[in-house]
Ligand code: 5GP
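The chain below stands alone, shown as structure tokens; this is the form predicted on its own.
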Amino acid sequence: MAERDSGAARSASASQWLSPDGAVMTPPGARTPLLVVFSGPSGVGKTTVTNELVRQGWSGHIVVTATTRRPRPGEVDGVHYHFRTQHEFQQMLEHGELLEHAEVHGNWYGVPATPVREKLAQGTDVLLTIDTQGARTVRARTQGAIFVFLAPRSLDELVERLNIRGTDTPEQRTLRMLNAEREMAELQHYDYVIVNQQDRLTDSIEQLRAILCAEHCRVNSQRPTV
């Protein structure tokens, strides 16, 4: 009789199991999509890490952020960012098209909400590469997201990264460093931290992969809601 009841409980839903006390459980083998928020100070290497993750065959989706800043040499609209004018960005806000938005270093950035919801509904992992302001907004507006902080080994190393990049004026670099100190204070609110050392990109990729794997193996993982 007990065996027949157990079978009935399992057949009630293809995507749910019931525990002995009646609680809904994720069945073994079921894959819950992840919503990963990937943050860190400007210049720490967030884009480099995520690009390499994709190059190595990660099957998830990285959401392309909208921004009002001008493209840097080699950047392509719709690939690196959705480059928008101030007016176009304001229209996106007014139409409720952004999951979050923030002003960073004098420019506006925002995450389009539609691709996040569509990919999660398809069962695809979604990764948001955003600043700490945006991460706070996502934390307040969503449930079930995973927050990963990418940190430099030291602020001195971050200065060296920004100098090597060479795309900012001295005034912009100074502003980025001031903001970096504030952003590092947000680390305590994250689930994971990865220290991205120069010339150790492989280590950072392996750690991020390990985090994704661990989250997929979590018992009764919560499906993210956006």
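Each residue number is its position in the shown sequence, starting from 1. Please read these numbers as outputs of a predicted model, since none were measured by experiment.
Just so it is clear, the following notes concern the form predicted in complex with the ligand, a form of the same protein that is not shown.
A single residue from the set V104, A145, M92, V116 has any heavy atom within 4.5 angstroms of the ligand in the model of the complex; that residue is V104. Taking N179, T65, T68, T32 one by one, only a single residue has any non-hydrogen atom within 4.5 Å of the ligand in the model of the complex, and it is T65. At least one heavy atom of K46 is located within 4.5 Å of the ligand in the model of the complex. Proximity of V111 to the ligand in the model of the complex: non-hydrogen atoms within 4.5 Å are present. The closest heavy atom approach of D125 to the ligand in the model of the complex falls outside 4.5 Å. Using a 4.5 angstroms threshold between heavy atoms, H87 stays clear of the ligand in the model of the complex. Using a 4.5 angstroms heavy atom cutoff to the ligand in the model of the complex, none of L53, F149 and Q207 count as contacting. Residues of 108-146 placing a heavy atom within 4.5 Å of the ligand in the model of the complex, in sequence order: Y109, G110, V111, T129, I130, D131, G134.
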